[in-house]
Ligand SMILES: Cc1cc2nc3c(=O)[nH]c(=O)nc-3n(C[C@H](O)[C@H](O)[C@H](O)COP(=O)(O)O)c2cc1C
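Okay, here we've got a single chain as structure tokens, the form predicted alone, with questions on binding and movement later.
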């Protein structure tokens, strides 16, 4: 198994204040506190699990990951933060510290933001377990990480802008990334209570550190390399609007959240399984979850339209008959596709995982890959999965805020899902599954 933590050897390490203020309580007094607050609620370690049979202990993070393997790395540039040197950094979540890779006026062309993140993927971390399918999971995880960062910034009072249209190789070279690490998304943080000063004007000085080796040996997966190379090709075209429709069921006003962002961001967990039986969620709770999942997207150069449509396998929702439904977000309506008990079908389609049937509701996210490709070229493949991951992050936090639990499901039978939902190729392909309900206690969890 590859090391789940990247670090740079031979570089200075700067401490980030431990236990930073709750987002929104009061503006950060200085740059280190602001960075600590932002990362503590978007990328830091939040708990640990211990395997009783072996005693092995592993960390859980605020941003979720397929198999808890965490292919995503957080690099960031700072310009003009108070009491913080301008330069290039890498976040070390294992110690909640920033590794100082370069000092000076290190900025990206066209950007004047005081903080700019570059989110990268190390595909080998996922491929070690999931093989060729791992590339999908890397993209989902980038979507989750981007949304976690954006939500933490918004809770502090800042806005974000995500850029996916960049030259991969140029960014990789500018950041001196290891060959096993690929830039995926650029996220600017700005327009809020960021403690700033005048930026330094000094020349860039590199510290020359080198990344740790993640494993003794590595297996090549040519298909992953091929699809990543193909999605470097990008062009812009006219963005077509998402298809619209309506259903016979109008959703009620959403239920109020009972927990704050600062609490749910740190206590979010992926449910091990869900309690079946008679325990159900309410229709207003489902309305709140769907509203959160499809709210106005955060700003991005690829977010002019939505590419994901949600299909629901409703098992136990008070006021809604069991069945399969398609959600039309513009009208806030559900269209019934199938009637009857869907528990066996949902579990079977999700690679036989019982949690998809034990949940109160499960989801298939159908991505319109063809429309995305017409808008963005082959690069659109990434954007569809980024959007799915971002929706997943919203589903996680909305469920937690309502006193429920959730889990992302990346393993499913693609073609069987299409046949069951009667989704034609022109309508899209399944890219992600999700489930929400009442989680069973996980005996391995440690605070």
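Just so we're clear, the structure is a prediction, and the values are computed from it rather than from any experiment. Numbering follows the first chain given and starts at 1.
Unshown form predicted in complex with the ligand; subsequent notes refer to it.
For a residue to qualify, one of its non-hydrogen atoms must sit within 4.5 Å of the ligand in the model of the complex; all three of 61, 140 and 409 qualify. Per the 4.5 Å heavy atom criterion, the ligand in the model of the complex is contacted by stretch 66-74, the sole one of 374-382, 416-424, 34-42, 66-74.
Contact check for residue 269: a heavy atom falls within 4.5 Å of the ligand in the model of the complex.
Put simply, residue 355 is close to the ligand in the model of the complex: some heavy atom of it is within 4.5 Å.
In the model of the complex, the ligand sits beyond 4.5 Å of every heavy atom of residue 125. The ligand is not shown here, and in the model of the complex it never comes within 4.5 Å of any heavy atom of residue 386.
Residues of 392-406 placing a heavy atom within 4.5 Å of the ligand in the model of the complex: 396 alone.
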